[in-house]
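As a starting point, one isolated chain is supplied in C-alpha cells, in the form predicted on its own.
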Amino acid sequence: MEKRKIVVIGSCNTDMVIRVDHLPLPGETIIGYDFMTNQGGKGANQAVAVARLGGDTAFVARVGKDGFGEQSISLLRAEGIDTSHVTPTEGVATGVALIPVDEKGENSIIVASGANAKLSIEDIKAAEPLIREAGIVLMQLETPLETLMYAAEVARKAGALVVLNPAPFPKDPLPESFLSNIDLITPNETEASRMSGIEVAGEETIHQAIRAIQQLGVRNVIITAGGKGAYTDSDGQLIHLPASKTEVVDTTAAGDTFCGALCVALSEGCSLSDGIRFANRAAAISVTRMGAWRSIPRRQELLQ
C-alpha cells in the first residue's frame, strides 16, 4: 500500500493579531482595533491545513514548557494531528508572532522564535521511525537550517517526497546540498526572485526564475503569486493555474493553507496541476477570514 502519511517539520507559535487602518511606518504609533490571539507558526499552520483537508498528519516541533505551549499541543491533538514529537522545552518560551493586518488584508509579521530555534538534529533522529512511514515530508524555514538539512536527507533516503516552503527566506542562499534533497519547492514571487537572482515581474520572468531554481537542483518548482494564482513548469512549458476570485480580508496563513492542501492532494495521487488547483481553492477560502488557524478551511468546504 502506498505511503500517504504527511509529516510536517517546523514552527509552532502563538499569534497576536491587531487590525489597523494601515501598516505602521518606522517610528509611527497608530491605534488599532479587533485584537485577537490565534495559534500559528508556519509549521503548525501547515499541519492543521493538512489535517483539516483530509491528510494523515504528524507534526515534529518544539514549544516552550509554558501555557502557550500546553495550549498549542492540546489544540493540535484536537485537530487529529499526531503530536508525539512536539516537545515541550524547559527554559525557553513558545514562539510568538506579532501581526498587524490592514484594511486591504495585507500584513507584516514579527516573530520571536523561542523554542522553534531549539529544534535539533536529535529531534529528527527521534522522529526517524515516523519519517520512514511518510509519503511526504513538508518543511519551512522558521527552524534551524542544519536540522532541516538533516531531515531532508533522512526523508529522501526513506523514499518520501520532500517539499520545502522556503519562507521566511534567509539572508544567505540555501545550500545546494540541501536543495538536492528537495523534490518540490513553493516560493512566492519575492522568494523566487531571491533564489533565482531574477527579478520576477510577469510570466516571462516567472518562467526564467523557475528554470534558474531547477538548475540549483530542485526538479519541481511552484511559484505562488497571491491573487494571480500559481505557476509551474511542465516539459519546458509554463503552466498558470489562476486563483479563485474572493474578497480578501486577511492573507495570514494563505500560503501555508496552499502548501498543506497541495500535499494532501499529492498524497492522494493527484497530478501537480490538479494539486495546485485544489490548493488554490483552499487558499482562496482562507483569505476571506481573519487569523491563521481560524482561516484554514475543512475538506467539506472545498467540495461545496
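Quick note: we count residues from 1 along the sequence shown, nothing fancier. Computed from a prediction, not measured in an experiment: that's the story for all the values here.
Same protein, other form: the form predicted in complex with ligand RIB, not shown, and the subject of what follows.
For the candidate set 151, 213, 230, 99, a heavy atom within 4.5 Å of ligand RIB in the predicted complex is found for exactly one residue, namely 99. A heavy atom within 4.5 Å of ligand RIB in the predicted complex is found for exactly one of 130, 225, 93, 109: 109. In the predicted complex, residue 260 stays away from ligand RIB, with no heavy atom inside 4.5 Å.
At the 4.5 Å threshold, heavy atoms of residue 292 reach ligand RIB in the predicted complex. Under a 4.5 angstroms non-hydrogen atom cutoff, ligand RIB in the predicted complex lacks residue 50 among its neighbouring residues. Taking the partner from elsewhere, residue 41 is found to have a heavy atom lying within 4.5 Å of ligand RIB in the predicted complex. In short, of 60-68, 26-34, 264-272, 42-50 it is 42-50 that has heavy atoms within 4.5 Å of ligand RIB in the predicted complex. Contacts between 246-266 and ligand RIB, taken as any heavy atom within 4.5 Å in the predicted complex, involve 252, 253, 256.
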